[in-house]
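Here you'll find one protein chain in two forms, each presented separately as structure tokens under the names structure 1 and structure 2.
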Structure 1
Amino acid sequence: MTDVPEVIRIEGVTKRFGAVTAVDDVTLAIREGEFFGLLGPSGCGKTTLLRMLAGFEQPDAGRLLLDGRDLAGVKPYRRPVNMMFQSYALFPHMTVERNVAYGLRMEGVRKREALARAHEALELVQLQGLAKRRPAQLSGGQKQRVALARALVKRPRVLLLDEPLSALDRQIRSEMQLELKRIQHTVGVTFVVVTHDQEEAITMADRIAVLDRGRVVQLGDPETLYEAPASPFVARFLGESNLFSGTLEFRGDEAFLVDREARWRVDAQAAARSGIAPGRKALAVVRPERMAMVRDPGPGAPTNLVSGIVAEIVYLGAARKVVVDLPDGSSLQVRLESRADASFAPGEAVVVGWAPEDAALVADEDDGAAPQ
């Protein structure tokens, strides 16, 4: 995928609103035919970045390029991009087919051709049988599909989607995540989606830029972001995590995080690759599904062990989430997949453990020093 040409290049873009810096020196590239995600909490700058690509906001510094062309001064309606908003903004007095064809008609496309293209777009989103209905006769998911068809009918170079599924209930939202992915692969248009929902981003996007306070803090494919987060922020934001802190020490071929009386063994090769200098504070990030939980550790138990009390068990269908309280007042989360593990009960004393190779190592943001 690395040899696929770029469609969008963002170079050192900054955007301020008064004293607030919404986007802070962002640089990244989006590839041809890619489903690209901008992920982060509210106020991180992701929607502002999308609006600048659409032409609704102008950067205070830096450049936005589409196919190598600088977009500075190019009006929104002259950019080969289309934007799909959170609110579908369908015309209530128009039929579905006329809603989809509206943008083409405004561009001077003849009615017969506009309606023919509208029906092609409706077929793509599997709504060809609802062309004569009005928006009031549609479900939320169907309205979302009509809005998508209207955005695609103009055959944009890039489709920008701002929280496109936020108005849908959970089940329909899950279905539409896969549907959007299917449609994107079918049409081959570059999609750029803004979301604060990590599950949504992981499901749909080929690559994701995680933003925090206007900056890109990590860029990569979903698996890399989940398995190898670059910071505690990414680890916490992209899924649930257990964090074990300490000062990084190397002893021969082994590496450890040492914190008062606790000593956690970490993967020495991973520690060397992390760029964290010996003597600096670091965090081992362990996902709940990588934690093991037993009553009495025996042969074959994980290297790193801690005792605790089961505080809560949450049934998740195919799995159970177990919250274990530790003596220091903190807690761990363990995800148990097996039906055999259903015998654990709240109030029970257990031992939780993890293997060094099952942890990602990141610099502690409270250390005051960046990785070397």
Structure 2
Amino acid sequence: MTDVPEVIRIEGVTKRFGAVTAVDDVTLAIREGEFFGLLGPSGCGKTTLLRMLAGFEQPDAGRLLLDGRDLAGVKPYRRPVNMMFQSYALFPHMTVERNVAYGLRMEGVRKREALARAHEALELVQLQGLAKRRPAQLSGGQKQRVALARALVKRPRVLLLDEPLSALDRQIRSEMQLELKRIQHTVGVTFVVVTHDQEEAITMADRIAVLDRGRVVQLGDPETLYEAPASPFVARFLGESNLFSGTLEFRGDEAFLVDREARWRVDAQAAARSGIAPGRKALAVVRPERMAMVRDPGPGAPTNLVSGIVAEIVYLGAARKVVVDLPDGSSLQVRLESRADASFAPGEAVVVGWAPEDAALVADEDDGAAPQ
């Protein structure tokens, strides 16, 4: 993968709005032909980063390179980059085909050819029949497709997508996630998508940069981010997780997170790899589906056990989500496949466990900070 050429290189880019630092010293490389996700909560700087790539904002520090060329001072209309706007930003006074052909017309392509290519682009997004309509006569999903066709018709080096699916209903949204992926494969253009929806990012992106308060906190493929989050923030932001905290200690071949009330055994090799120094506070991140729940821990029970009371069982179709309250007032989430034992009931005393190899270890962000 690493020998794939880069299209975009973001070098130490910082952007401030007054006293707020929206993007803080971000360095990223986006590869040719990949589907790249910028994921983070609102206000994390992901949209600002996208707008800098499009040319609507200028970085206060750092450089943006496209195919090795510095983009500083290059006007939006001179960048081989197109953007799909969150609000779609279709031109209300033009028909669908004129909207899509607009970018080509501005390039000086003759009207006939521009319209022919617009129709091809509309075919790509499966909207052939609606070429003569006005945007006001389209549904949300159709507008989204027109916006996509309009941004793709010029075959940009990079397509920027700002929260492309946020305005759609849930059902169309999951359909469009796969559709976007299909279209990206068909055209082979590099996609950079901004989203706050972790599921959307995981489904669509080849690689994801997770942003928090203007900084990249982790960069990786979806599986790495999910299975081996680099920080509690990433663990919490991507999917649900249970966190077990303690001070990291090594005893012989074994490693533990030691707390006042508990001692969690963790994978010693993983602990060594994590780079967390012994004596520092760390968190074991365990996904709900990796948790086991039993009434009586028998010989086959996982290493780390904790007892609690079933507080709530949510039926999700394919699975059940069980919330277990612990004596210290916190709670855990356990995900049970539908075929698993369904006889648990709220109020029941249970034992919840996890195995050391099912936990990801991260340094505790609160380490050294005043207790909150």
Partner chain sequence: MRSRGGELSLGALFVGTLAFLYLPIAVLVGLSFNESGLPTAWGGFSTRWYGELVRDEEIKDAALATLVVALGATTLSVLLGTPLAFGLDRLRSRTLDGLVFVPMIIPDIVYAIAFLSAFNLVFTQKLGQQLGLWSVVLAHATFGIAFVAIVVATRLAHFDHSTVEASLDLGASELRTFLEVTLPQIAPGVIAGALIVFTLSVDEFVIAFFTAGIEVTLPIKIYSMVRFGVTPVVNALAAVVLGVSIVLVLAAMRLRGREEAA
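What we label the rigid core is the largest C-alpha set whose atoms superpose within 1.5 Å from one form to the other. As the structure is a computational prediction, the values presented were derived from the model and not from experiment. Residue positions are counted from 1 along structure 1's sequence.
- Here the form predicted together with its partner chain appears as structure 2, and structure 1 shows the other form of the same chain.
- With the core superposed, residue 93 shows a C-alpha displacement of at least 2 Å between structure 1 and structure 2.
- In the core-superposed comparison between structure 1 and structure 2, the C-alpha atom of residue 106 has shifted by at least 2 angstroms.
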